[in-house]
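Just the one chain here, laid out as structure tokens, in the form predicted alone.
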Amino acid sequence: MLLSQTQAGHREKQQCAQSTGLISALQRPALLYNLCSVSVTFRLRDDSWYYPASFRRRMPAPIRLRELIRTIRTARTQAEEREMIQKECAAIRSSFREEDNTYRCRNVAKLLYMHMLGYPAHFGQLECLKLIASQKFTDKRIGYLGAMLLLDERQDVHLLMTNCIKNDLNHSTQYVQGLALCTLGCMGSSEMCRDLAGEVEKLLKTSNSYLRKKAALCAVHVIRKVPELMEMFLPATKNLLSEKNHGVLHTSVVLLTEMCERSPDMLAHFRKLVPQLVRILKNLIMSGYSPEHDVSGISDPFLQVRILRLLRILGKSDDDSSEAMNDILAQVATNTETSKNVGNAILYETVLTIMDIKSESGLRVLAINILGRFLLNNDKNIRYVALTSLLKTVQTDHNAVQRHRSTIVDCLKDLDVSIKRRAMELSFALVNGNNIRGMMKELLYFLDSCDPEFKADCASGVFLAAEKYAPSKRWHIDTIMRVLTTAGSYVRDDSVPNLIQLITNSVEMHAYTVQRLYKALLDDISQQPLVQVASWCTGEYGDLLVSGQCEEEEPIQVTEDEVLDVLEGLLVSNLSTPVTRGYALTAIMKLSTRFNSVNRIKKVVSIYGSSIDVELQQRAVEYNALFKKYDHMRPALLERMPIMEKTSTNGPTEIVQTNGESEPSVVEPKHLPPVSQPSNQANDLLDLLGGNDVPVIQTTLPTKPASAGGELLDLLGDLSLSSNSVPPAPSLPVAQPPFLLDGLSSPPLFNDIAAAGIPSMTAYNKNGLKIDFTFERANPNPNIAVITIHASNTTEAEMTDFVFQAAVPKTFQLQLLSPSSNVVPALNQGTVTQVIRVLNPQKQHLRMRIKLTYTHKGSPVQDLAETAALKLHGNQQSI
């Protein structure tokens, strides 16, 4: 019978083939037999479609998932695997189009496997919904699994599942209910959670432990999506902790933890459960062997960890709850076995709980000792966890962590990069005034041998620690120089100016420092920050180096030519950056006032006047100008830098913010000690010349508005070096010179001065020096006022090297002409006059700050003062 049917089918196919002209391709029986497994459609001459009766049979059974996995694993290349996947996906699509219900479950399972491999499987989403609606449990299982993998709340298709899930939550079979709960807890959107929260709450109250644990986890997802539904589950949580089933207990603790983290009211409500949680935890650690829950000899470590986390939340910032759990935490910390990783996990959670709650001091020391034991563990993960935890607690329990300092320092030698970094951070956190020398020794050794990725952070940490805890300035300088020698290319950009400031302020260490830096310069010039600092110090204190005045160590014998050879070598070295060459050229220029080899220095400077480096060329051009035009100013301009301070606490005025502008309040003139004052103080005049005995005035044009932090009063105008009159200039304003010294010999800016009828005033009268102001007005410009100062001396000794400097707010423009002399005669036998021209376009009251520098009886004197508000735009000046 079967044979006759097969033969009839073959005859039918042969006739069909003859009618379409394909008989030559169907001659062999093998080909006829193969057509039985293929769905073929023939195109007729009259453009109609014909489906042979034998082809209408059911499609062949698709391969099983196991066979697909085996086939894919045989692929040798990625392209071969993609080809297999594409063929199978095509077959699955065809099956879906044919609405084949028999093998839909098998096809979706294969599609999920392809999804796990990273191939697109979105076309199977609706098929998952069809499987979920099926009555078979096997279909529902694959359908729900596919929904959890292929669907999420961003796609509207998932809303079609709501009714199916609701029906399955009320199903008579617990396993179907479990599938629905798992799916809702995995990918349920806020809309689905609102619609199905009631069914979840009912299942949370059921007596079936299998459903209760799944309902508890589903409730956690509902609360995360819709926090306002939290109170719905509150009545159901009352009896959850009374359950003896560990699965229900575990999920219940997770639910309580989520509610406490999201609501302070729930946190306060559940604090009364602390004794019950303590009792459950105590039963776990005191119970005997239970094969159902035992993991490496410890009873249900997962539940213990969850309870410890919940206790940490409940005991935080609460004295009563913390006191209730102190004893059980001590028992867990002392009775837990540490030979297995399971015990270490419990101990770690115990340590975190102890540190977060208001625990006793002895308990905190016990927790830190546990972390110290973790540092000796062979497992890298445990050591990393211990270092991270100690880094968090070092601020609150510094002394307890200090006991493990040696172990922490040993972790710097670990091969693991993460452990090295954590150990380095913790080591810097442990540095204090008592252990600074020992810790810096270890950290500098680490800096010398560590990978380049650590050098920048380690160098910054050493800088900060040395600045904060340095036992002496020499130790501080030696440490910073060691860092620059070891990791000079990795230090921060501000390390060079910071070290220069440190050296400048350490007056007694100048000779020692320049000698050490010079030696380092001879050994290695590859570390550019070190070379820059060494160049600066050689230029500043080269005379101390040559004279051999070092007392801290044996001085070296160095000649001027040797020092210049080293600096010139830096200028031509391929290792030197443009910044370093600038430092070296400036150092050579400074040595022109400290060494006798001036001609050699002139030649070096002139060579770089045509350098291709614009910055270096500009420096050289300006330095050449100093040699040629302003050689008498060179010693004053190149003298040693004054002491630099980071903070500005002294000054003649106090800057007050008024309507967004800085207003200096008037204070009494302050007599300064005969030392150079910090050049960066916001309340002092800008001493651009850097000297105390320079009989010239430097002025600059304001180019930007005053900052909110304080109004530095610019020195505006020009500088003339002779006491003779200078030809006038035509008009204001004058463009700012492009180079540093370009404006030194510009002509005055005002002319046609006439009397304006403004009465004179005394601006300064102290220590025998009196400064009087007389006022005139420029004609025809009424906005220009001319102030002539008259300096007189009532003492018995003359005042030499007299310099008068002035500054005004940025709304004014100021020009100071040269003084008539730099010597103020004694006993009022003569006066020194100097002309100040002020442009006041906005007709505001003038506030002027003055700085006086002179030498009296062999001692240099500096003083600052400020005049009261001067009304120069009316008929008379007012004070």
Partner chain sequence: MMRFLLLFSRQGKLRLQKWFTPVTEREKKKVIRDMMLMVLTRPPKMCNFLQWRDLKIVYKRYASLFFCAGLEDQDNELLMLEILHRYVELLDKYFGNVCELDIIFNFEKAYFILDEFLMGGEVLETSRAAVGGCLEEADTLQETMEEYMSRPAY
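Numbering follows the first chain given and starts at 1. Bear in mind the structure is a predicted one, so any value in this text is a computation, not a measurement.
Just so you know, the form predicted in complex with its partner chain exists too; it's not on screen, but the next bit is about it.
Colleague: Could you check which residue among 254, 625, 470, 579 gets a heavy atom within 4.5 Å of its partner chain in the predicted complex?
Modeller: Only one option qualifies, and that one is 254.
Colleague: Just one of 355, 564, 345, 769 has a heavy atom within 4.5 Å of its partner chain in the predicted complex. Which one?
Modeller: Contact check passes for 345.
Colleague: Looking at 569 to 577, 534 to 542, 318 to 326, 147 to 155, which stretch has residues with any non-hydrogen atom within 4.5 Å of its partner chain in the predicted complex?
Modeller: Of the options given, it is 147 to 155.
Colleague: Residue-level contact is defined here as any heavy atom of the residue lying within 4.5 Å of its partner chain in the predicted complex; does residue 612 satisfy this criterion?
Modeller: Looking in the predicted complex, residue contacts with its partner chain do not include residue 612, since no heavy atom lies within 4.5 Å.
Colleague: Residue 445 versus its partner chain, in the predicted complex: is there a non-hydrogen atom within 4.5 Å?
Modeller: Judged by the heavy-atom cut-off of 4.5 Å, residue 445 is well away from its partner chain in the predicted complex.
Colleague: Is residue 175 near its partner chain? Define near as a heavy atom within 4.5 Å, in the predicted complex.
Modeller: Contact with its partner chain, yes.
Colleague: Report whether the minimum heavy atom distance between residue 827 and its partner chain in the predicted complex is within 4.5 Å.
Modeller: No, residue 827 stays farther than 4.5 Å from its partner chain in the predicted complex.
Colleague: Can you list, in sequence order, the residues from 197 to 231 that come within 4.5 Å of its partner chain in the predicted complex, counting heavy atoms only?
Modeller: The stretch 197 to 231, when checked against its partner chain in the predicted complex, contributes 210, 213, 214, 217, 218, 224, 225 at the 4.5 Å heavy-atom cut-off.
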